[in-house]
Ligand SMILES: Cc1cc2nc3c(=O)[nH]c(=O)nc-3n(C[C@H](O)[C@H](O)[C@H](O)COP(=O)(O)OP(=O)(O)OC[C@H]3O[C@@H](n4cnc5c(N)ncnc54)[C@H](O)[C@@H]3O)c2cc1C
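For reference, the chain that follows is the form predicted alone, supplied as structure tokens.
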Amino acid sequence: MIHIANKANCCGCSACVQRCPQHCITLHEDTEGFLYPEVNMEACVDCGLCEKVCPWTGRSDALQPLQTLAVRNPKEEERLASSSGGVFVALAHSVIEKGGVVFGAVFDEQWEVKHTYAEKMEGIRPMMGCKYLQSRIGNCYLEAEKFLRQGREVLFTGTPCQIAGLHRFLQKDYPNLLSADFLCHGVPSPGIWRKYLDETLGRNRGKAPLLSKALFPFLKRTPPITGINFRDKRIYGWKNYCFTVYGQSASGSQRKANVVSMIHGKNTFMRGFLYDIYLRPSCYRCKCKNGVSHSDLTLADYWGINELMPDFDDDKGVSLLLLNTRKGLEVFQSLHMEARPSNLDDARQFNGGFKEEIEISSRRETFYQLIGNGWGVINAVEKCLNDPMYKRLIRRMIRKIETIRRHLST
């Protein structure tokens, strides 16, 4: 049976919960805001299925990409609505056209993130764009299995560990399944995000979140929030993407208006995430990256494209696409995309998402101690990141050395 002695050994994919024939495993949130499985010992028959499907109990052989590409969606509106080059929406469209089903992450009514599926293109738009949170999978593996057995085409997107969990859950290869993961920095705590929302945006039960008057006293009224975009590139471009909150326009029409928008490096939640303060413990030693998840495709931002292929970069987003299987290659070739061949070594230079190990900073322990003592997220993050000048200079020097090293190696 599943027993989590070390929280770094659970990625929270929920494969064990969905596969248990006795339905005796449930997920519970810990003090850090992450979900972990707990077993009802009285109902458990010790069948071992939960351990069999766990992606952390046995590492699969890594797949090497068949091709590495730089990709852009030729439909500019779709690309601008995407986090990078707009590959996902093109994949989703091809599956929906065949009567298939697409699984992805969306915001729920409380602006937390869950996995769900769509059978029409109207349901695809909410799945577009990065959500820097660990989504609740719910019963999506079971639902995907049902559709696959019906013979329908299924596109399942998620983090590397979620895709690894899906494949181990299914325990067989379905020719009508297309799986896609992405280069993952790690997943921040949903519990900390919830606390951040309550602290900054405010939330009324049964209603859309309202903007906090305490933070924005200059507003005459608090418009209901209609959207959150972690990777808004319509203001300062793809490289200087913004964290944006949308609300209803002042006229009360359905048209969105920017309520809050700031470059990602200035947003407190994004800073805490990018400095690895509240990632899930398993993310610091990931076992599912770099082909281990057995995804057909891996998506990412092609950071560094401005140096490698400057004529291909218009600052509206370029995707790095790794085609890991013959199935992924064939599906991509059926799409109408702008693509250029690249190589893995070039891509690795500029994207930290390839790293399987991240140093656990002492800031993480300090942060959660502060939260446990009643601090708010904003104050706790700022306290942890308020380093002395000499530490900031050292980090700046390290970044410059890495930049010089990249130039010398090309």
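A residue's number is simply how far along the shown sequence it sits, counting from 1. Keep in mind that what you see is a predicted model, and the values were worked out from it rather than measured.
A second form of this protein, the form predicted in complex with the named molecule, is not displayed here; the remarks below concern that form.
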{"property": "4.5 Å heavy atom contact with the named molecule in the model of the complex for all of Gly86, Val187 and Gly353", "result": "yes"}
{"property": "Sole residue of Cys242, Ile225, Ala105, Ile277 within 4.5 Å of the named molecule in the model of the complex, by heavy atom", "result": "Ala105"}
{"property": "Partner proximity in the model of the complex: His115 to the named molecule, non-hydrogen atom cutoff 4.5 Å", "result": "yes"}
{"property": "Heavy atom of Arg231 within 4.5 Å of the named molecule in the model of the complex", "result": "yes"}
{"property": "The named molecule contact in the model of the complex: Gly328, any heavy atom under 4.5 Å", "result": "no"}
{"property": "Leu322, heavy atom within 4.5 angstroms of the named molecule in the model of the complex", "result": "no"}
{"property": "Interface stretch in the model of the complex with the named molecule - options 189 to 197, 127 to 135, 261 to 269, 170 to 178, non-hydrogen atom within 4.5 Å", "result": "127 to 135"}
{"property": "In the model of the complex, residues of 157 to 188 near the named molecule [heavy atom within 4.5 Å]", "result": "Thr157, Gly158, Thr159, Gln162, Phe182, Leu183, Cys184, His185, Gly186, Val187"}
